[in-house]
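The chain below stands alone and is given as structure tokens, in the form predicted on its own.
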């Protein structure tokens, strides 16, 4: 499930209209629609605003958003697994500092 599909599911469970959520976020309805469909990547501020409007845990929603962002960045690469192993090593080194 993508970030967009996830937020659409939450929005629909809460029976909120696309235009209601977009209005509370101060963004265009068309932009939110594109985010939900996955044709546009939300910015971090927009993901945080969605968490607030949809009354979701901000950290969990941001993790979902970041995972999608990473997938989007790497989807055209041939050696994704190797790249992610290097990233994991670098993160482990950062956390030890």
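Positions refer to the first chain, counted from 1. This is a predicted model, so every value here is computed, not measured.
The same protein also exists as the form predicted in complex with the DNA; that form is not shown, yet it is the one meant from here on.
Remark: none of the three candidate residues (66, 71 and 87) comes within 4.5 Å of the DNA in the predicted bound form, counting heavy atoms only. In the predicted bound form, residue 52 stays away from the DNA, with no heavy atom inside 4.5 Å. When the DNA is considered in the predicted bound form, residue 60 lies well away from it, no heavy atom lying within 4.5 Å. Residue contact with the DNA in the predicted bound form: residue 17 places a heavy atom within 4.5 Å of it. The DNA in the predicted bound form comes within 4.5 Å of no heavy atom belonging to residue 48. Along 28 to 53, these residues reach a heavy atom to within 4.5 Å of the DNA in the predicted bound form: 28, 29, 30, 31, 33, 34, 37, 40, 41, 43, 46.
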